[in-house]
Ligand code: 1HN
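Before any questions on binding or motion, here is one chain by itself as structure tokens, the form predicted on its own.
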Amino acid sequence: MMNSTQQEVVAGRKVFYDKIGSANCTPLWEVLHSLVTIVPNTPCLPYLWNWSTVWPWLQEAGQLITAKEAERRVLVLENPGLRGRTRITHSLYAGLQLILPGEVAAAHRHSQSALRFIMHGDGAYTAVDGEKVVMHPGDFVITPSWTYHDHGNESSEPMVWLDGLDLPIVELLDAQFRQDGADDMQHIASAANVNLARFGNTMKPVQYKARSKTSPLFWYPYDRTLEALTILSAHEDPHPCWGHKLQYTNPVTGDWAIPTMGTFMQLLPAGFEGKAYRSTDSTIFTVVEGSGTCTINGQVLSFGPKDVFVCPSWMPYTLAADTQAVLFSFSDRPVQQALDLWRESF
């Protein structure tokens, strides 16, 4: 209980705070320790979206609204600690997009960079600045910032992929722009195998000049990625924390494939039991194949094919595999490294 002197001090300070508050000032000393914390203090929570739960909802959404009406028929994966803020981590957005046979998601472009990771179905396409790629499960596709893109499904089955965007980062910087295309579908000038021939074989066209920091290779087929991981697993011991893990890169520069989002694929051998790992970049994982667990701060998330889960910043997590498991993941690591903020511990 405060004595009279302490009460006078508190009252005097309140008068001062109210006075400076009327001119939009505030005392740092009242909030300093909540701003500059000893370790990262994130409201993000560990969470797993089970495919068996969300797949029926995606099908129901397909009956409720068309791709044309929705523009993008997506179920946003909102972190339970950030509900209502349309994001899976503080800095990243994720959602599951459904496109049904015969549908087209109309062309548009935006300043946000986007990734597509194909989870379900086979044979739909995306077109990026006039180049078309037919997508298959496990493929990683990039939509660079400010490039026109549309999606279509010419197959006979529904198609679902994970959308990942740097939307919160762009919003933080007040740099968000968008523009609709003149038509729903772009004129296709080139197939994706041409893009793969240009940049996907450790070579590039002699006269190529980079237009941006994003990889000019926008389609990374799963069969090539899995082949690389399989060869590594046959000849190298797995890392004690993450097994066999590769980073997607810009083949011209060797840097990140997307300047704001780091993307990875890893293979956990059957029976793998990883050691604890933590880093400052909150990471979103998608299970390509296999099953296992991710234990985060003592919370066990059991994962299987097509599940999505998130490991928040600086929370120790361990990965274990019941069967051989392949995991795709993305995070904001490139931004943190560019700003000299990124840390890891294991």
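So that there is no doubt, residue numbering starts at 1 and follows the sequence shown. Remember, it's a predicted structure, so these values are computed and weren't measured experimentally.
Heads up, the form predicted in complex with this ligand isn't pictured, but that's what we're talking about next.
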Only one of 213 to 221, 108 to 116, 232 to 240, 264 to 272 sits within 4.5 Å of this ligand in the model of the complex by heavy atom distance, namely 108 to 116
Leu98, Val141, Leu167, Ala127: which sits within 4.5 Å of this ligand in the model of the complex by any heavy atom?
-> Leu167
Tell me, which of Arg72, Lys204, Arg85, His136 has a heavy atom within 4.5 angstroms of this ligand in the model of the complex?
-> Arg72
Verify the contact flag for His151: yes if a non-hydrogen atom of it lies within 4.5 Å of a non-hydrogen atom of this ligand in the model of the complex, no if not.
-> yes
Is there a heavy atom of Trp256 no more than 4.5 Å from a heavy atom of this ligand in the model of the complex?
-> no
Within a 4.5 Å heavy atom cut-off, is Asp163 in contact with this ligand in the model of the complex?
-> yes
Even though this ligand is not shown here, does Tyr93 get within 4.5 Å of it in the model of the complex, heavy atoms only?
-> yes
